[in-house]
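Next comes just one chain, in structure tokens: the form predicted alone.
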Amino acid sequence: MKKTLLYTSLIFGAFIFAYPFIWMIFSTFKPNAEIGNIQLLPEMWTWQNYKLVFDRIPIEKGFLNSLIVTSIVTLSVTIFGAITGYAFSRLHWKGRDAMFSLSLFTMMIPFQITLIPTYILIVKFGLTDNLAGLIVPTMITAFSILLFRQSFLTIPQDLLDAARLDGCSELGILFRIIFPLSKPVVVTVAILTFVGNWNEVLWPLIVIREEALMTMPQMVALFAVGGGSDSSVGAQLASALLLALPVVIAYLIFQKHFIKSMASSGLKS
């Protein structure tokens, strides 16, 4: 009886939590006149909202640009964060703790404070209207360094010492021994980086002006608030759903590793 009540409560809570997203999905198939109604299923199904999205914005090009930028950033953050996290956790050098504290301090600085200096640097390097302008400033993050460091501290030191005795280099230890043992944190960093960069709107709006180079979130934002949707709520919801689908799919695929890492990372200092 207790388990029945528990699972009933959990199912009810999950439905309440997921209902807005479910409502959004079905609303994309409704005419605008029906969206304000209470019922979940549309009385008259239509693809007009999606047709308007694909007619007004080059969503395929935006998807490709976002995929290129997000994939490169995710790969670089994972690799550079792991290397730096390994240096902070397993290598002994002068000033290590001070540098780690400094990297943590940068997490407390809002992005808006560094926005203008970063943009000036991007202009000086000639990276405006270039996908590199979206990639370079985000190739490593302090949060990824923190997660990798905390995870690497849980690896037994004897295992690493044995690898050094066998002649393995530090990078070899990292990528041949530690990486295979740290799948949950690798997946977590990858998912968080992917989600954060996929949904980024402000920085692309500042750096990119050419439509051919715009990312998908940028195109969706301009479509929703720039007049491209003709104030059609259904079309705006359809564009938002298309934007969210890759993130939802990625999480569903890797959720097991993600939950495992969030339950274990950061417990050892």
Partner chain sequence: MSMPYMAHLSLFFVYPVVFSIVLVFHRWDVVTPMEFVGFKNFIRILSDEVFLQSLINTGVFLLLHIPLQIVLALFFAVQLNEKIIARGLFRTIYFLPVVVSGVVVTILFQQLFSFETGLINQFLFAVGIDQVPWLVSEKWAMPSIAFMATWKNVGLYVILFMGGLQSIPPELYEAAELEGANSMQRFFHITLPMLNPTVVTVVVLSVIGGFSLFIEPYVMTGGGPMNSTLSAVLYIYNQAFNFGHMGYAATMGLFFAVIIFTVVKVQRKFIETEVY
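Take the two forms, superpose them, and find the largest set of C-alpha atoms that agree within 1.5 Å; that set is the rigid core. All values reported here derive from a predicted model rather than from experimental measurement. Numbering follows the first chain given and starts at 1.
One more form of this protein, predicted together with the partner chain, exists but is not displayed; see below.
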Any non-hydrogen atom of residue 186 within 4.5 angstroms of the partner chain in the predicted bound form: no
Heavy atom of residue 89 within 4.5 Å of the partner chain in the predicted bound form: no
Touches the partner chain in the predicted bound form: residue 78 (any heavy atom, 4.5 Å): no
Residue 240, heavy atom within 4.5 angstroms of the partner chain in the predicted bound form: yes
Contact assignment for the partner chain in the predicted bound form, among 162, 153, 177, 136, heavy atom within 4.5 Å: 136
Partner contacts for 136-171, taking the partner chain in the predicted bound form and a 4.5 Å heavy atom cut-off: 136, 137, 138, 139, 140, 142, 145, 170, 171
Core superposition between this form and the one not shown, C-alpha change of residue 70 at least 2 Å: no
Rigid core superposition, residue 239 Cα moves 2 angstroms or more between this form and the one not shown: yes
Core-superposed comparison between this form and the one not shown, residue 212 Cα displacement 2 Å or beyond: no
